[in-house]
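This document starts with one chain, in the form predicted alone, laid out as C-alpha cells.
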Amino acid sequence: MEIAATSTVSVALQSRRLSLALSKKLGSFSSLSFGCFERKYCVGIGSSSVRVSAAASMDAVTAEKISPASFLDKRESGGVLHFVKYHGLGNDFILVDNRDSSEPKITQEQAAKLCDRNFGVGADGVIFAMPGVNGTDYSMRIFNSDGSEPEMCGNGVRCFARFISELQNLQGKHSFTIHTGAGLIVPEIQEDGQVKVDMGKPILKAQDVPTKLPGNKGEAVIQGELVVDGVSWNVTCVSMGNPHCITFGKKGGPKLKVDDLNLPEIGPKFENHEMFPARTNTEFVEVLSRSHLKMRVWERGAGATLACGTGACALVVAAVLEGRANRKCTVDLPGGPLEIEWKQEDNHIYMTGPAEAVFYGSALL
C-alpha cells in the first residue's frame, strides 16, 4: 500500500488548536493537493522521493482554503481512500466519511495496513462515520491497528464528534447522538472546542465485563486478585462497553510508580490473560491525590497508546470503589489530561477533553 500525495500537515507546532471553521483560515496548515502548490511543497506519488522547498518561516505558507467537507467530496476511485486524521491527546485515528453506506469502505486487513506507522498512514485505529440507526444521528465503527473491532473508544468518539461538526460546519455548542457497539453515546461540543461526552453507566457485573475472576463484592470484582507470571496484582474490573482491568499495584507491594513499568512486557500478559475471555484493556494507575490520578494504558488490539478515554473513565470508577479518589478527577495520561466525573445522581460518567485535526490525506489501498 502506498500513501498518495494529498495531505494537509500542521506546520505551526506551537498552535495545536484547529478552529471549528477550518474553511475560514488555515494559516497554520500547509495544504497539499495532487501535485504541488505555492512554495513548491511536492511529494512524488508512488515513489519514495520527496522534494521540499519552503520559506524560512513555515507559518508564512499560504494554504489553499479547504474544509473536511470539501476535501472529502473528492470521489474515491481506483482504490483511493480520502480521510482526515485526528488525535485525542495523542491517541490518533484515521476518520473516514462513510455516511453513504452502512458497511465500512475498507476491510479490517486494509485498516491494519493503513495504521502501520512505517508502511501506512500511521494510527491507533480507523473510525467510520456511518448512518444512524434506531433513531440516532450517526453510527460509529472502529477498526483497531491490529484489524480487530472494539465496541467503543473514548478518545475516538471525541475525534468523531469534531469530525462530524466540521463536516456539517456546525458552530458553537451542540450535541448529537451516536450509536456504537457499546450503546448510545452523546458527545457535546463545547464553546472552547473541547468535547464533553456522556459515556453512560459503568458495568461492574463480572460476567458482563467480561472476566472469569469471581465476584468478591456482590457480583463485581473490586480489588480482586489476578496472578500474572506468578505475581499477584490487585485488580478491579469495569466495562465501559469494552472491558477494562484496573490496577493500583501488586498485592502487598509498594505504591505503584507507573513511569517505572515495562509496559511492552507486562501489558500483553494482562491483555491476553485467561481470565479475560474477550481480552482486556489494562490501566496501571498512580494516585497523586484524591482528585488527581496518573495512568499508563495497554489497549486491547492497539498496545501502548498515549491516551484511552474509556480507560480513564473506568479507572475513576475503580478508584472510587476502592476508596482512593473522589468522583470528579483529573486523569493524567501520557498524551495529556482528561477531566472525568462519575455523577452519583444518574450513575453516568462524563469525560471532557480535546480532539484535534492534524492532516487530510488520500491513501492508495
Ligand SMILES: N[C@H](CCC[C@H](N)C(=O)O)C(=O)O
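Values in this document were obtained by computation on a predicted structure and should not be read as measured data. Numbers follow the displayed sequence, beginning with 1.
FYI, the form predicted in complex with the ligand isn't displayed, but the following is about it.
Counting non-hydrogen atoms within 4.5 angstroms of the ligand in the predicted bound form, say which of F83, F93, F128, F284 makes the cut.
Only one option qualifies, and that one is F93.
Counting only non-hydrogen atoms, choose the one of 225-233, 177-185, 154-162, 130-138 that falls within 4.5 Å of the ligand in the predicted bound form.
Going by heavy atoms within 4.5 Å, the stretch is 154-162.
Is N242 close enough to the ligand in the predicted bound form to count, meaning some heavy atom within 4.5 Å?
Yes - in the predicted bound form, heavy atoms of N242 and the ligand come within 4.5 Å of each other.
Is T247 one of the residues lying within 4.5 Å of the ligand in the predicted bound form, judged by heavy atom distances?
Answer no; every heavy atom of T247 is more than 4.5 Å from the ligand in the predicted bound form.
Q110: heavy atom within 4.5 Å of the ligand in the predicted bound form?
It does not: once the ligand is placed as it appears in the predicted bound form, Q110 has no heavy atom within 4.5 Å of it.
Looking at the partner-bound form in the predicted bound form, is P150 within 4.5 Å of the ligand by any heavy atom?
Judged by the heavy-atom cut-off of 4.5 Å, P150 is in contact with the ligand in the predicted bound form.
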